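Shown next as structure tokens: one chain only, the form predicted alone.
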């Protein structure tokens, strides 16, 4: 069993957490904030900790909508799964409630300590957590029924610690080696190898040609205008001038994701349009289907309940793009189910 293998190979840190010895750091929070969340868990629940210190994360971590896309996997309940870049467990917990066993892998120890406490609160006994670099963990060849790569692929070419609040859109002079696409393909090949012959990959990512980026929404990884859909060399120059580093968080179109996954060894790929985005998938539509019954997903009100001009323009643009023009190519996010 995978569980026995993990426990024999790696050092147990606490609870269901094991370590490869290659701990790193990637988080929406800085290190001090992450420490604060974890430090109070002896006398406070994970939800109480979030509500007190980082309330904006509550919906991101605990919303049941986060796992909506997992229905595409048609799970039987007997699957062994691996969640790459599991963080605070938005999909790990959802998988554990649907499957036989889940291995969550992440490089940030405090994220896993938080998730360990959450798993304990949920009464889940079918989860193990492994702290290590996603790109360097050993090969579990042909061992998993399901692999999840949720909002992770675009970050694979990054190196070094990332405190997103201090990094997103901020100047930080860095150099990189290797081609981002080649590194993403190499990672996906390892994911492919770890799946058994009937294994499936659930991959979700922003669409490079999300219609909102043409209307002034900034790139979700660099906080720059237009970099996601510009030619790579031009995006590199723009990022270098403003941020001091190349543009490496490569996104893809539907066609591009299909080609990438097949180059990594997957035999078939089912593509889906995801609205309003993959993080909170309220509507998932097969890319091969018609948009004749499309309904607006952008609310006219913002998070404060206010009707805004920006929201109205976004809703009108969404309606025109998908209901009238039926321009599937510009859907906000992509979900791919790929087969070994």
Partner chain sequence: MIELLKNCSNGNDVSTYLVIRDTGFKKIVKIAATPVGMRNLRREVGGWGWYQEMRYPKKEEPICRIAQEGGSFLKIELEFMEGARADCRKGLERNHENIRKAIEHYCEIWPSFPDGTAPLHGDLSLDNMIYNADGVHVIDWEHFHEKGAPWGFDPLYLLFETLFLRIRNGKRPSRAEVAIIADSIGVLNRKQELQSQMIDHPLRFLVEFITVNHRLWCDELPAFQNKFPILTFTADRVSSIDTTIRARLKEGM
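Since we're looking at a predicted model, the values are computed, not measured. Residue numbers count along the first chain shown, from 1.
The same protein has a further form, the form predicted together with the partner chain, not shown here; the description that follows concerns it.
Residue in contact with the partner chain in the predicted complex (any heavy atom within 4.5 Å), chosen from 162, 72, 147, 109: 72. The single contact residue among 29, 41, 50, 285, judged by any heavy atom lying within 4.5 Å of the partner chain in the predicted complex, is 285. With the partner chain omitted here, the record of contacts in the predicted complex names 287-295 of 31-39, 50-58, 306-314, 287-295, defined by a heavy atom within 4.5 Å. The three residues 3, 11 and 21 each lack any heavy atom within 4.5 Å of the partner chain in the predicted complex. The partner chain in the predicted complex comes within 4.5 Å of no heavy atom belonging to residue 231. Interface membership of residue 97, defined by any non-hydrogen atom within 4.5 Å of the partner chain in the predicted complex, is confirmed. Mapping the unseen interface onto this chain, residue 76 counts among the residues with a heavy atom inside 4.5 Å of the partner chain in the predicted complex.
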